[in-house]
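Single chain ahead, written as structure tokens, the form predicted alone.
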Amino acid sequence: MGSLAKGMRDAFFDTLFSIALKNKDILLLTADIGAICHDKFRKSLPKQYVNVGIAEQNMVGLSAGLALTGKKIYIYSIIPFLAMRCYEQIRVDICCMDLPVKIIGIGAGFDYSTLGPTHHGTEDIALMRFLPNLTIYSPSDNLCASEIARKSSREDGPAYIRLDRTGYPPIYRDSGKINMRLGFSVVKGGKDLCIIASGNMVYTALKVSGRLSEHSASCGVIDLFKLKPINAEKLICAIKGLSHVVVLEEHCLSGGIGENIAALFLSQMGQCPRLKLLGIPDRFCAEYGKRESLRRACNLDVGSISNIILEWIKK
């Protein structure tokens, strides 16, 4: 997996900028949240870039109005200030109207670790997946983020895209391996069990898979980058024959992708594999520290996950 790569945010907006150069109907709106990758928009495409100030709810309403004029809008802010503060506006102004507004949330999971629970993006999937008409994406690396930027620019209707600031070693070397039609990719095959993960946790899942192989457990990894709608039929085919499946997420277990996948398996599979859901427990993580220390507090570090899975499959 090599050294650190460009962050998801930079990759996403670099690709979006190249698309916006050719499409004057693409506009980027921000709520006074700066990012170096936005400088290209501000300097080279000033008529396609709007900073509304610290007024996220107003930004959502403005995006809806602009979308009604035929523009394709991208709005951007930190996850709690966008997905949570603006929930009513997103529901009524964007989703009810089925408008082509792409909601870009930065700071997935514990990305803003040292800023505390007010800045953690740990409940957003639960909120957003209940909104009709809304597609949800969660890329696992910079190349996946770039592909989602391209796909979102071609899609009508609203979408929520949760990004990570951090650069991780790349999951993909070839964009052809990212199956945008399926919404997930099998990044590693396994004979005994499989970990379904999303976002930056895909990298963690691959490290856990390596640990498990030291204990003679063949563990596959699936990158689920399209969280809604999930291609249930194809996902079930991908895990068919396995006795154990783990869903790993840096998100609250309540309302997360694990609960969604569990419901899909129960409703559509004749014989379900044993299923283990690993995520953030039903509490706010008030510990102070870097991302890895918060993960350890929630048993989401590589060592804790590996031990939990090994104990589980031995039983």
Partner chain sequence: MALNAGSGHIASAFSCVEILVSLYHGGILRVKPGNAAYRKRDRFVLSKGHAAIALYAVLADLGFFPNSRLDKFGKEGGHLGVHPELNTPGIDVLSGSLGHGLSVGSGLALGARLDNEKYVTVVLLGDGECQEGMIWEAALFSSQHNLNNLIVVIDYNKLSATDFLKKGLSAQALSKKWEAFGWQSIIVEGNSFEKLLPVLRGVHGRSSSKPLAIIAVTTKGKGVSFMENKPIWHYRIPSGNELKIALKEMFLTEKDVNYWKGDLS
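Just so it is clear, the structure is predicted and the values come from calculations on it, not from any experiment. Numbering follows the first chain given and starts at 1.
Below, we turn to the form predicted together with the partner chain, even though it does not appear here.
Taking non-hydrogen atoms only, residue 281 never approaches the partner chain to within 4.5 angstroms in the model of the complex. Shown alone here, residue 115 lies farther than 4.5 Å from the partner chain in the model of the complex, counting heavy atoms only.
Although the partner is absent here, residue 61 lies within 4.5 Å of the partner chain in the model of the complex, judged by heavy atoms. Residue contact with the partner chain in the model of the complex: residue 56 places a heavy atom within 4.5 Å of it. Contact with the partner chain in the model of the complex holds for none of 240, 262 and 276, as no heavy atom of theirs lies within 4.5 Å. This chain is displayed without the partner chain, yet in the model of the complex the stretch 64-72 from 64-72, 283-291, 252-260, 35-43 comes within 4.5 Å of it by heavy atoms. This chain lacks the partner; the member of 204, 179, 231, 89 within 4.5 angstroms of the partner chain in the model of the complex by a non-hydrogen atom is 89.
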